[in-house]
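Okay, so here's just one chain, in structure tokens, the form predicted on its own.
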């Protein structure tokens, strides 16, 4: 059992208070997933060519200053850097593959959580409330966010196995449910050169959809192909830099509820995670139907 949450702010005031809206949703769903949690936050995209790299360290006392010095000495690229305990964000006008290669050689102990012009990602072990407090989720601003609380049922409890999962740039996915054929999907993708980082079933869905998009499909077209390729029970909540998407499998046995107003779109596994939101009494509430793709632009 896991919990998913999503929030898309349609007004400047809610974008400035994105974290304030999302944290109660995430901590409420801690009852459904107390062992680990994660949050992907999207902001207005950086200029073309610039990227944000979200990094995770194995220790809360990691020497981020030494990492910055190595990056400066080796690459000589101007950059901005912020760190909170075991998470950091590096922003630079640089190709993603160059940074990925540098991390593999010079900082293999770090895990690259996400890359993109808009996305920033955080995930760790522990109760969602504790993670949100440590990393300052309530102070975060942005256009939309996707979060997940995990109760592990099929793979280890580690930050790498926590959701959201990401592939490519500015794309992430959270999942409530279980896939019955992740290894056949994985074998198919590995033969095509797609690399995996965990044995989590959700990663198979994430990388399948991102692979289809690299092949030229839209995300919606990729999901349509996913109906044929991905077997099992799932509610999938996805985000890109410019949209939020939700889909449930043909049986729709994993819960989801949507609240929509002129000011926001909010999604959760249970309504109680939405009860604090402004104007919720007047929101359009509905349960998504099976195998229908719901998409909201930023």
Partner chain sequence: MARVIEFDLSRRSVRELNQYLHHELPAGEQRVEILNPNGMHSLAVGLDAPIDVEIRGHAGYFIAGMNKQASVTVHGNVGWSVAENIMSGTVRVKGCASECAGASGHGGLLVIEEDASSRCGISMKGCDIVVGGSVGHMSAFMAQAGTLVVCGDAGPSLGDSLYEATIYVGGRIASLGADAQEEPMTKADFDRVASLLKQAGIERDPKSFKRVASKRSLYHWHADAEQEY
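In this text the structure is predicted, and so the values were computed from the model without any measurement. Residue numbers count along the first chain shown, from 1.
Note that the form predicted together with its partner chain isn't included here; everything after this is about it.
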Handout entry: Interface membership of residue 46, its partner chain in the predicted complex, 4.5 Å heavy atom rule
Key = no
Practice task
Considering only heavy atoms, tell me if residue 34 and its partner chain come within 4.5 Å of each other in the predicted complex.
Solution key: no
Practice task
Although its partner chain is absent from this view, report whether residue 270 comes within 4.5 Å of it in the predicted complex, heavy atoms only.
Solution key: yes
Practice task
Would you check, heavy atoms only and a 4.5 Å threshold, whether residue 279 touches its partner chain in the predicted complex?
Solution key: no
Fill in the blank from the handout: The stretch from 259 to 267, 34 to 42, 242 to 250, 47 to 55 that lies within 4.5 Å of its partner chain in the predicted complex, judged by heavy atoms, is 242 to 250
Handout entry: Residues of 275 to 298 having any heavy atom within 4.5 Å of its partner chain in the predicted complex, listed in sequence order
Key = 275, 285, 287, 290
